[in-house]
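So this first bit is one chain, no partners, the form predicted on its own, shown in C-alpha cells.
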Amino acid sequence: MIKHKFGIAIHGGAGTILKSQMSPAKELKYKNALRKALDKGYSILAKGGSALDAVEASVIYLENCDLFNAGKGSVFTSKGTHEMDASIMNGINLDAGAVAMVSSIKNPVQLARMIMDKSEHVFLAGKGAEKFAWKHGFEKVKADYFFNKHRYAQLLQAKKANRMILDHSEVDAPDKKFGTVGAVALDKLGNLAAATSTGGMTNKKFGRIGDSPMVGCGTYANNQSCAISCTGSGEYFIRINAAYQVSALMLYAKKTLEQACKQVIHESLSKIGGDGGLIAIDKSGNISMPFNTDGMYRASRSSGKKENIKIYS
C-alpha cells in the first residue's frame, strides 16, 4: 500500500514534431529512450528515494542519449565546439545549482548538483565551472565524445544559411524545434525537485545562454507550489521568468497547476511570440505538460498509475 503519492515527468524538447516526418522506427526509438529515462527516476521514487536524486538520474540518462540535445547529443556552436548548460533545484529549501558554457563535462546536470551541494554559489560558467569540476573529481571528456554526424551536418547547414538553428530543425524552418531535456518529481516525503539540461542552439555565437540554466526561467522547484522544467525559445522564457511565474500564479493568484501552466504557455509566452512547453508537478502529485507547438517529447508516471509517453499534440 502506497503511503504517500509520488510522481515524475520528463521532457526531451518541444517544437514542430510532425508525425508525417517521423518514421515508425524513429518514433519507437524516441519513446523507448523516454521510457528508460522515466524508469530511472521512477524507480528511485518507488524505493523511497528523493525527488532530487530522481530528476538527476532521469536527466543523466537523457544526457547520455544522443537523440536529445544535451550531453552526448549536444549541438555544435559556430566554432564547431560544444557549450552545454544545466540547472537543478531542490523544493525543500530553494537550494539550486547551475552551470553554463561547459565543453568537457559528460553530464552537466551532475556538475549543477555538485555546485549546489559543494559550493557557496548557485551559478558557475565556462572555464571557472570546469576548474571547479576538476577540483571535485569530475572526469574531463574529450571533444570526440560529443561528435555526432547528424549534429555536424546541422552545423554545416546552418553555416551555409548563415543562421542559428534549433535542434532537429531544418534551415527553412529555423525556429521550430527545441532541444532541451528536463525532469520534475515529487517524492514520498512530499518534496519537489526539478532539473534541466541543454546543448543550446546550432551555430550559436558570442557565448549565448538560454533559459535552461537560469533558475526561475527554465527551472524552478518550491515545496509550497510546484516543480517546473521548460523547453523552447529560451530568450522568451527568460523574458517572462516562465518557471517561477507558474509557481507565483499558484501561490498568489491561487491558480491550480493546470491553470497556471496553461496561462504561462498559452498566454504569457504566446503573447510575446514565444514557442515551447513545460512539464510540471505540484505538491499533490498533479502533473501538467502544456506546449504551444506541434509536439513535445514527454513522459510521466504517478504512483499506482501506468506510464504516459507522448510526442504529438
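We number the residues from 1 along the sequence you see. This one's a predicted model, so the numbers in the text were calculated from it and none came from an experiment.
The discussion below concerns the form predicted in complex with aspartic acid (ASP), not included here.
- Message: in the predicted complex, is there a heavy atom of aspartic acid (ASP) that lies within 4.5 Å of any heavy atom of S87, even though the partner is absent here?
- Response: Looking in the predicted complex, residue contacts with aspartic acid (ASP) do not include S87, since no heavy atom lies within 4.5 Å.
- Examine S229 and determine whether its closest non-hydrogen atom to aspartic acid (ASP) in the predicted complex is within 4.5 angstroms. No, S229 sits far enough from aspartic acid (ASP) in the predicted complex that none of its heavy atoms falls within 4.5 Å.
- Message: Is it the case that T219, even though its partner is missing from this view, gets within 4.5 Å of aspartic acid (ASP) in the predicted complex, heavy atoms only?
- Response: Answer no; every heavy atom of T219 is more than 4.5 Å from aspartic acid (ASP) in the predicted complex.
- Query: Should G91 be counted as a contact of aspartic acid (ASP) in the predicted complex, where contact means heavy atoms within 4.5 Å?
  - Reply: G91 lies outside the contact set for aspartic acid (ASP).
- Based on heavy atom distances of at most 4.5 Å to aspartic acid (ASP) in the predicted complex, which listed stretch, 198 to 206, 92 to 100, 139 to 147, 123 to 131, is the contact stretch? Selected range: 198 to 206.
- Mind listing which residues of 206 to 231 have a heavy atom within 4.5 Å of aspartic acid (ASP) in the predicted complex? Those in contact are R208, G210, D211, S212, T231.
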